[in-house]
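Given next, in structure tokens, is a single chain: the form predicted alone.
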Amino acid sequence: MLALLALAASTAAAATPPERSLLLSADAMVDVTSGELVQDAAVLIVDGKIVASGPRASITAPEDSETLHLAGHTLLPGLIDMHVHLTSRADQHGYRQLALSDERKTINGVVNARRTLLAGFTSVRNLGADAYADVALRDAIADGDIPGPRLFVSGPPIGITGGHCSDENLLPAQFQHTGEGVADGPWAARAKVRQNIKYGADLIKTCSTGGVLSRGTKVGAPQYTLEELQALVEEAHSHGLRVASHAHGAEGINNALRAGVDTIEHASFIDEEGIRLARKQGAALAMDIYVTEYILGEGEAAGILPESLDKERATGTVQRENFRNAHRAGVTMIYGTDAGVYPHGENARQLSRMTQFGMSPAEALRSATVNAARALGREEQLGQLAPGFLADIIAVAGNPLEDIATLENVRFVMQGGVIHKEPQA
């Protein structure tokens, strides 16, 4: 009997793989919380998690650790984009979208997930996808079937009949088509939240105003009453899910904030009351201040409707000025780009615009790391190169605290300890 127990114990020990450790070093590392550069830096990674980080001389690695030195590079936490549409493509706007099946959109998502990861965005929040395609993408990435960022997904966004994010406004009345996210009234909104939870959503996306790219909606006009928004948010929060609200106009922004949403997307026409409410409630703003350049520069060729181009001309400049106002007032800003409206993989272009309109490079980096992680509720796992955090690490040539645009050319990407991209010789 003792012999059998000894054999079982030895077999179990042999079946347990040894811990894999890697000492990753570089010329420097950005401490995103302090905004300072650590010279001659290293990160010790064991089984996909960081166990030590700081000056290379301060870290003792196990004797059997692998080593990788990135000469001429600076290490940073993997970036987080809080507003993407992986199943969308930048050349498929307007009526072109009607030619796409749900299956084709999902395949788009597979391609775009890889591009996003290789651009240095190791986690993203996908805010809206038909047929729960983003749930399928999230699970395929988590299972290792396809490469992509760690996904936090909303499923179909929820909104009113004829609304920006919920309905299909391109088809004429003879088709009698209703979008899968439509829910009118407080109880219908609650039911749609429950449905999204049933099918695997991590969070809830709604719309409290019209939008730029939807046919027939006014950007500043409110969508959903305060009562409807309160019911939606209460239902989501009761299940432990956070709520993101697309909101351009001031009244819709304020309604969403009074209802208790966690993040405001776009926030283009936010007023003093909206800024006050956001600060009071700790809500974060994801203001996509780069995308206006793509819409007005290349949108017509991509199929964006003339109506939408006119709406963007009335929105983009105001949004950038209000970005400056909200930042000055101390509102929490998170990094959200609306990638999918413009090409995936170019997510980092917004960083330089954030510095152009009032942020320091360190503040812009925090919006895409620690602030974003906190808005996800993952502040103890993501957004820092610190012990206990997941080994999501990127590297660039040069110092991003001096030139934030270096992040538009990420040369090394690690996600959860797995290397997806190495510098080319």
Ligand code: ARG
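From a predicted model like this one, the values you see are computed outputs, not experimental measurements. All residue numbers refer to positions in the sequence shown, first residue = 1.
Below, we refer to the form predicted together with arginine (ARG), which is not included among the displayed structures.
Engineer: So in the predicted complex, is arginine (ARG) close enough to Val212 to count as touching (4.5 Å, heavy atoms)?
Structural biologist: Within the cut-off, so yes.
Engineer: Classify Asn325 as contacting or not contacting arginine (ARG) in the predicted complex by the rule of any non-hydrogen atom within 4.5 angstroms, answering yes or no.
Structural biologist: No.
Engineer: Answer with yes or no whether Val291 is in contact with arginine (ARG) in the predicted complex, where contact means some heavy atom within 4.5 Å.
Structural biologist: The answer is yes: Val291 has a heavy atom within 4.5 Å of arginine (ARG).
Engineer: Quick one: is Leu229 in contact with arginine (ARG) in the predicted complex, heavy atoms, 4.5 Å cut-off?
Structural biologist: Close contact is absent here: in the predicted complex, Leu229 is far from arginine (ARG), nothing within 4.5 Å, heavy atoms only.
Engineer: Considering non-hydrogen atoms and a 4.5 Å limit, which listed residue (Thr355, Gln195, Thr315, Gln97) is close to arginine (ARG) in the predicted complex?
Structural biologist: Of Thr355, Gln195, Thr315, Gln97, the residue with a heavy atom within 4.5 Å of arginine (ARG) in the predicted complex is Thr315.
Engineer: Scan Ala201, Met82, Ile295, Ala278 and let me know which has any heavy atom within 4.5 Å of arginine (ARG) in the predicted complex.
Structural biologist: Checking each option against arginine (ARG) in the predicted complex, the one that comes within 4.5 Å is Ile295.
Engineer: Would you mind picking out the stretch of 283-291, 232-240, 327-335, 153-161 that comes within 4.5 angstroms of arginine (ARG) in the predicted complex, counting non-hydrogen atoms?
Structural biologist: Of the options, only 283-291 has residues within 4.5 Å of the partner.
Engineer: Could you list the residues in 250-285 that come within 4.5 Å of arginine (ARG) in the predicted complex, counting only heavy atoms and keeping sequence order?
Structural biologist: Contacts from 250-285: just His266.
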